[in-house]
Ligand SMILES: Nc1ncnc2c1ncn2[C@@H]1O[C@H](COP(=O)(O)OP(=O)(O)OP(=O)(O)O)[C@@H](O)[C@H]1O
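Here we start with a single chain on its own, the form predicted on its own, put down as structure tokens.
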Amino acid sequence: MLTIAISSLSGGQGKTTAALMLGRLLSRQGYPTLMIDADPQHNLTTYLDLDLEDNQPTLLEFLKKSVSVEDSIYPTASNDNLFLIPADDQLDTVQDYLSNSGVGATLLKRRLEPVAETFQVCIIDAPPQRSQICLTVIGAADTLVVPVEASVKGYGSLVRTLDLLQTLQDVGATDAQVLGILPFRDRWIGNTQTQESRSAVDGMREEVGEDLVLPSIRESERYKQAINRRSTLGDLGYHELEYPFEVLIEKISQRLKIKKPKK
């Protein structure tokens, strides 16, 4: 199983949108995909239309190992290949548990070991704060996708995210590497990119190199429309808007080939 953290250390960077679109497309292409909502705001759980009862287990119980792994994983209505470990408002209470466990940064990775042969891809929507939950998400990841708004704020989020990743690498808490930087809400007027967006994307390329910067997600109401309709952009007839995710899925496919053990 290839575990991908969708992480960016500011709000409004497109993390949940990227996670949702990527998960739906991967599952449609035949990859058994597990999604994990690790953000206490639990937008991914909402977008996947999972309405939990008060007594149903979530990521909180999964991390505390108070229920079986299977009881924490739910099928989604989107696709037979797409499953979710959801979150709710109580997820914030796991911060102290992770902090006091002594193995907080690697706890989620350990908890996922029993399902490593069940799924090909695991996508984790990380919280936008430098929190204990964020640390355990990156600790569980094989690779990171970093969505960042094509703006000054987005560039700052990228720098903070890369700094956190480097810190965790330095102490041996993760071996994860960046798979791609995904510019989000790239603003264009007609066929002309705005100066702010151009400067921000150029700054991203200078920070990480040309090869790691994926095609931009342009500012468009079509993404919100796809989310609200529980659909993909392609289903709505906007195939061209899926191009950034097609490039990302090709990168994931290559990683899966490398990760797959030789018989």
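All figures in this text were calculated on a predicted structure; none of them were measured in a lab. One-based numbering along the sequence shown.
Omitted here: the form predicted together with this ligand. The next part is about that form.
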query = Is this ligand in the model of the complex near all of Gly11, Thr17 and Ile217, within 4.5 Å of a heavy atom of each?
reply = yes
task = Within 4.5 Å of this ligand in the model of the complex, counting heavy atoms only, one of 76-84, 136-144, 177-185, 103-111 shows up; tell me which.
result = 177-185
query = Using 4.5 Å between non-hydrogen atoms, is Gln41 touching this ligand in the model of the complex?
reply = yes
ask   = Given that the partner is absent here, does Tyr31 sit within 4.5 Å of this ligand in the model of the complex, heavy atoms only?
value = no
ask   = Heavy atom to heavy atom, is Tyr223 within 4.5 Å of this ligand in the model of the complex?
value = yes
